Each structure stands twice: as structure tokens, then as C-alpha cells.
Ligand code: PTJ
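Given as C-alpha cells, the chain that follows is alone and in the form predicted alone.
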């Protein structure tokens, strides 16, 4: 990877860009993932490359939902593996749940490489190498799933996910937590909880919230969810982008 000085004003963004590019070289990420990274980076620019109040609220609600779940599962694709493999494993440990590799541009070689990377980072329960069922309503490789993982889960975290799979999982009766920097995306609009934040911030924030709420009773966790309004959070995320842009122009 290119050595980027920490003094660079966009250090974090450039490091993330290098990680995805390196993921392509290592066979973890598809070349199409580079386009997805660039699109997300543009929205992060609009947010001011920070976790906004609406995102923090969504992350807390997501932590409550995962803690209340009976069979939660975490999905991992190529960009997620390139950007936050260690952080996803840490979240899985905090919740004691499986990670499942799921790819649109699927090859068995890529699935194997991602699974090995997760295990190298300390993951114990990694699924996806031998899918034994499929999600109804999908006609591509994203439909492949594993019993005991995403297929049987009641709550699924889908970072950097496609809208059609999000919609299909919701149609199965699952609660879906999405991490997507685009509040207008179908994924964000169809998910039960939409975290409009950069994944490199969102996953550590989510893990911290899980640990903070781990001793909280189920009634209090349910109160957090009952007071959460995803449509309102998405509207606020757009307003936060607009406010940041307006502030930039006032400074000039």
C-alpha cells in the first residue's frame, strides 16, 4: 500500500481507499467494489467525514436490536473484508454471533480468502463457504445462504449491501441493519435500521454501543427501539449533509 503521511488532511479517507485497492490485489474485493467505495466516499464528504448525531442514534438502536435478537448474524462482503476485518471479528466476539461471507461477484476462491482472513483475525464461527440454502426472490449468487447463519437469523447486519438482498431479507421477516453512506439508496430505505456512516467508524461505534448496553435489561433495550424512527433518521442525515455544505460555503 502507498505510504500516506498522517499529516495529510484526508488521511483516513485515503487509507480506506488504499485498503480497498489492496483488497482487489489480494483477491478479496471485486473490481466493482472500487466503484462502490468511491460512491460512498463522496457521501462521506457531504457528511464532513464524521459520525453525525443521527448516525450515532442509529448505531445505538442497532446495538439494542442485536442484543435483543435470538439469532443475530453478521454479513461480510469483499469491501467489508478489505476495510474492517478485525473490527467485524471484534463485533462478532462482543455478540457471540457468526460471521457469514456473502458475495455478489462470487467465486469460491474469493469466499475462501475472506473466510481465512476473518479466522486469522480471530473469528471462530465463519460461514458461507458451504451454503446449503438460498434466500427467496434472488436470482444471483447473493441468494446463497447458510442454515444456522443468515438464513435462520432474526436480525442481520448487512454492511455495504445491495438493496435487492436487503429487501429480500426483510420479506423473509427478518430485521435488517444496514450500514450505507447513501441515505437515498434502496438499502437504506428498506432496512429496519439504517446507519448512514462510514463503515470504518460505524463498526467500532456499534461494538462500543453493544458493550455499553450489554448489562441493560431487555425492557430498557426495547424502549430504545420503540423510540427509534428510521425514516426520521434518514431525513435528518440528509439535513446534516445540507447543513455541512452550507457551513462550508459560509466559511469561504
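Residue numbers count along the first chain shown, from 1. Note that this is a predicted model, so its numbers are computed, not measured.
What comes next is about the form predicted in complex with this ligand, which is not displayed.
Comparing 191-199, 45-53, 218-226, 63-71 against this ligand in the predicted complex, the single stretch with non-hydrogen atoms within 4.5 angstroms of it is 191-199. Residues 93, 124 and 203 are none of them found to lie within 4.5 Å of this ligand in the predicted complex, as judged by heavy atom distances.
Remark: residue 182 counts among the residues lining this ligand in the predicted complex, judged by a heavy atom distance of 4.5 Å or less.
Using a 4.5 Å cutoff between non-hydrogen atoms, residue 104 counts as a contact of this ligand in the predicted complex. At the 4.5 Å threshold, heavy atoms of residue 36 reach this ligand in the predicted complex. This ligand in the predicted complex is not approached by residue 144, whose heavy atoms all lie more than 4.5 angstroms from it. Among the residues 177, 83, 118, 169, the one placing a heavy atom within 4.5 Å of this ligand in the predicted complex is 83. Taking 160, 89, 135, 111 one by one, only a single residue has any non-hydrogen atom within 4.5 Å of this ligand in the predicted complex, and it is 160. Heavy atoms closer than or equal to 4.5 Å to this ligand in the predicted complex belong, across 76-100, to the residues 77, 78, 79, 83, ordered by sequence position.
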